[in-house]
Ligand SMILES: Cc1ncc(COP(=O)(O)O)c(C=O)c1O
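The form predicted on its own is given below as one chain in structure tokens.
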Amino acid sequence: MTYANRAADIHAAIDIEESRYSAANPASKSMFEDAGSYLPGGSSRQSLYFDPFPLFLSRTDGSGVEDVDGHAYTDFTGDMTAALYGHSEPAITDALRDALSNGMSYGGPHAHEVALGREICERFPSIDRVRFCTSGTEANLIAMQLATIITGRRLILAFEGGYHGHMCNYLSPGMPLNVESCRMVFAAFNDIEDMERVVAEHEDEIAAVIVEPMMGSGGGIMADPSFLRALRAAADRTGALLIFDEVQTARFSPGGMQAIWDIEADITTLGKFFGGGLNFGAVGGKIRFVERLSPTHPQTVMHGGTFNNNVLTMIAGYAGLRQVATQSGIEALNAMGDDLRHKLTRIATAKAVPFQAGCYGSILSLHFQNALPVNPKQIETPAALRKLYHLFMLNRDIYITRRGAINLSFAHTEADCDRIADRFETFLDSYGHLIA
């Protein structure tokens, strides 16, 4: 089959699945059209949009979601990894019900923020102090700016295809909402030689190196531990700070990916699941760095935020960490992810379909290609094929992201994993011949 014929057949298949999707979801389509009269693009999160229109959800429970047309799905988006605990973890919902009887907003320091702060510091050897904020994006902005203040330097080294929030978006050059673009320099992810080249060019100007131990939005690509160790060495040699964006990867162990590889960051940023399903962000690190955010420090750096210590978030986050995201719980969830990864790979291998399931533990990133990509430039899976797979799965009660990620939660069961594996096999039976 020629490339042109395969591309045409993929688009014909998309037309079939899209027609089925549109016919099955009239209420979502209507709500999307109406929402555009009030919300740009019909929603408040651009990452949730996909064509022809996104599903509008009406309720969630456990590992499932339901849309306004009454369809029930097994959810493998996990709210872009934020819903690590699922959608109705009793330890968290019970804690929140109790909390509501004491009020939703305190407007002063309280014991719950101290408890969550202590828990995080005890989990991460590299975190002596932690400052809360309201999102991973905000945490990364604070971390980078703090590094420039501490070092007196102006440049931040990041990596092509990285994503540190909607205002630190390096998936492609020149994203309009990015801040401080003039002070960024970039190297290729997982490429030690290219990183050393950029460091050599700007050695005395680099305030910090910021990296995701796993590129999330960039394709679910794991950093090689040798690459991370090279970053640690380069930061030590030049006097730059090493920032680990563990907004997603903190789920892989109680101390994040840096604990797995035994590589300590100077500053660590957190977000997503640490709020137990509520808004959350945090900047943590060594005392000499993060203590600059203290109002009693002689060179204090002012940082505020009305909802930084929101009592509901603090309570939900603490309950989740203490009662669910334990060492044994995390290990079991990672094992479930590894089992699913092996299962999908066996199915694809048996059908002679090019396939790779990357990432680590409870996050899987699917690529219909022969080689596992080690940086975003090596992703070969066509966008049209991802659209076909996405619509196919939605039409068969599996809620996933178009980028091909599977984000497991503590609410998922073996039956859930068997369900997505079954739909995956059906997809290959139906369209595997279109995958080069």
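So that there is no doubt, residue numbering starts at 1 and follows the sequence shown. Keep in mind that what you see is a predicted model, and the values were worked out from it rather than measured.
Below, we refer to the form predicted in complex with the named molecule, which is not included among the displayed structures.
Engineer: With the named molecule left out of view, choose which of T74, S126, N309, S217 has a non-hydrogen atom within 4.5 angstroms of it in the predicted bound form.
Structural biologist: Selected residue: S217.
Engineer: Which residue among F289, Y318, F252, Y163 has a heavy atom within 4.5 angstroms of the named molecule in the predicted bound form?
Structural biologist: It is Y163 that has a heavy atom within 4.5 Å of the partner.
Engineer: Where does the named molecule sit in the predicted bound form: which of 333-341, 130-138, 299-307, 83-91, heavy atoms within 4.5 Å?
Structural biologist: Result for this chain: 130-138.
Engineer: Please run the contact check for K272 against the named molecule in the predicted bound form: heavy atoms, 4.5 angstroms, yes or no?
Structural biologist: Yes, K272 sits close enough to the named molecule in the predicted bound form that at least one of its heavy atoms falls within 4.5 Å.
Engineer: Do V247 and the named molecule come within 4.5 Å of each other in the predicted bound form, heavy atoms counted?
Structural biologist: Yes - in the predicted bound form, heavy atoms of V247 and the named molecule come within 4.5 Å of each other.
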